[in-house]
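Below sits a lone chain in structure tokens, taken as the form predicted on its own.
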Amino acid sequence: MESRPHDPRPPSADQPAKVIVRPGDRIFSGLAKSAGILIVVMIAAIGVFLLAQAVPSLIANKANFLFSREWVAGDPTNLSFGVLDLLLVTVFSSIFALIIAMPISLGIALFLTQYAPRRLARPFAYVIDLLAAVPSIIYGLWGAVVLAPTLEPVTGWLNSVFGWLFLFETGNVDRSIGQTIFTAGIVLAVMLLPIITAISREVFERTPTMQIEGALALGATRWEVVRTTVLPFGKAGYISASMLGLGRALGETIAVMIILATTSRTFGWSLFDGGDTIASKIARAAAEFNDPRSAGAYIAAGLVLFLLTFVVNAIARSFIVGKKEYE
């Protein structure tokens, strides 16, 4: 039987080339898919656990869980708790921290990538990254012992001059001790700096060199290059980094628990208020989880925080997808 001669011509469009999948590729693809599925399953399992533990307490709750500011969860036979005050303090302090951290992180990232010489940019970036390695309890102690007394003259001036504005009016705790949202927000902002700066720096460094050199060749100044080339290219990454930092601030526990003073008075939208975030409230009461229904009240609050992080990530994702479609 005669064998056909080998045809050296490349396959036509009607006969595409056969892709050879190697065993290593199959193994890697399977591991990657398994890892992705495992993460989704773990997140779903956490959500189901929180919901299952929270439902009995929510059924026994005598107050409106979402809109009540009352929190009485110590007696399992008389549960009356609402998450509104905790949610407001959590969101308010986190957004205040983000407002401080975002412009500072942007300036640091642009300086390191566009202005600083290489011999200075690299060690300076290492110092910023090291802030992420500092434990939360150190930040909390620093904020309560060092930062709060230092800020007292500033907070006193803001309260006396801008006290007519709700943000700087007299709060529900003694402002002079410094255990307020103002102090906690500044500490949270410092904690967010390495996260937002590191991601923004990586994004800005990937701005196409041809676009930068083209703008410089047309006579653009360094700031014009940043404004017309670097910032538009890295905007989505910068927003993503900020949303990641917001998620970090929403879930911060130990530092906020140390700094914020507890109070029985309701939150009044002042930076000089005290109170508890959802995470710090759970941490303060962790030693008292001696009854499933009492613990379920705090788990229900944790479920709200769990869902809140999903909302933040969804907003960030929709912004990035919308920007890509616009481009």
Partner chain sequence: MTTTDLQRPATAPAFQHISSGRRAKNMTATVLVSAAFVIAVAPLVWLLWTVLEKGFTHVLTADWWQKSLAGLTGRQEGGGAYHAIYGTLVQGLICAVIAVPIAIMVAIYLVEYGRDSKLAKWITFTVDILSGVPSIVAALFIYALWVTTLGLPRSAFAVSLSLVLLMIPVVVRTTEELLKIVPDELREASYALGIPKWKTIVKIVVPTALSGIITGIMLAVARVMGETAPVLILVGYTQFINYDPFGGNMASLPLFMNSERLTTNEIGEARVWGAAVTLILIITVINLLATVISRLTAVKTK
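Positions refer to the first chain, counted from 1. Only a predicted model underlies this, so the values are computations on that prediction, with no experimental measurement involved.
Just so it is clear, the following notes concern the form predicted together with its partner chain, a form of the same protein that is not shown.
- Note on the partner interface in the model of the complex: the residue among Ile99, Ile138, Leu165, Leu231 having a heavy atom within 4.5 angstroms of its partner chain is Ile138.
- Judged against its partner chain in the model of the complex with a 4.5 angstroms heavy atom cut-off, the residues Leu38, Leu50 and Phe310 are in contact without exception.
- Mapping the unseen interface onto this chain, Ala60 falls outside it, with no heavy atom inside 4.5 Å of its partner chain in the model of the complex.
- Put simply, Leu305 is close to its partner chain in the model of the complex: some heavy atom of it is within 4.5 Å.
- For the chain shown alone, Met210 is not a contact residue for its partner chain in the model of the complex, no non-hydrogen atom being within 4.5 angstroms.
- At least one heavy atom of Thr221 is located within 4.5 Å of its partner chain in the model of the complex.
- Residues with any non-hydrogen atom within 4.5 angstroms of its partner chain in the model of the complex fall in just one of 156 to 164, 235 to 243, 140 to 148, 84 to 92: 140 to 148.
- Heavy atoms closer than or equal to 4.5 Å to its partner chain in the model of the complex belong, across 245 to 283, to the residues Arg248, Gly251, Thr253, Ile254, Met257, Ile258, Ala279, Ile282, Ala283, ordered by sequence position.
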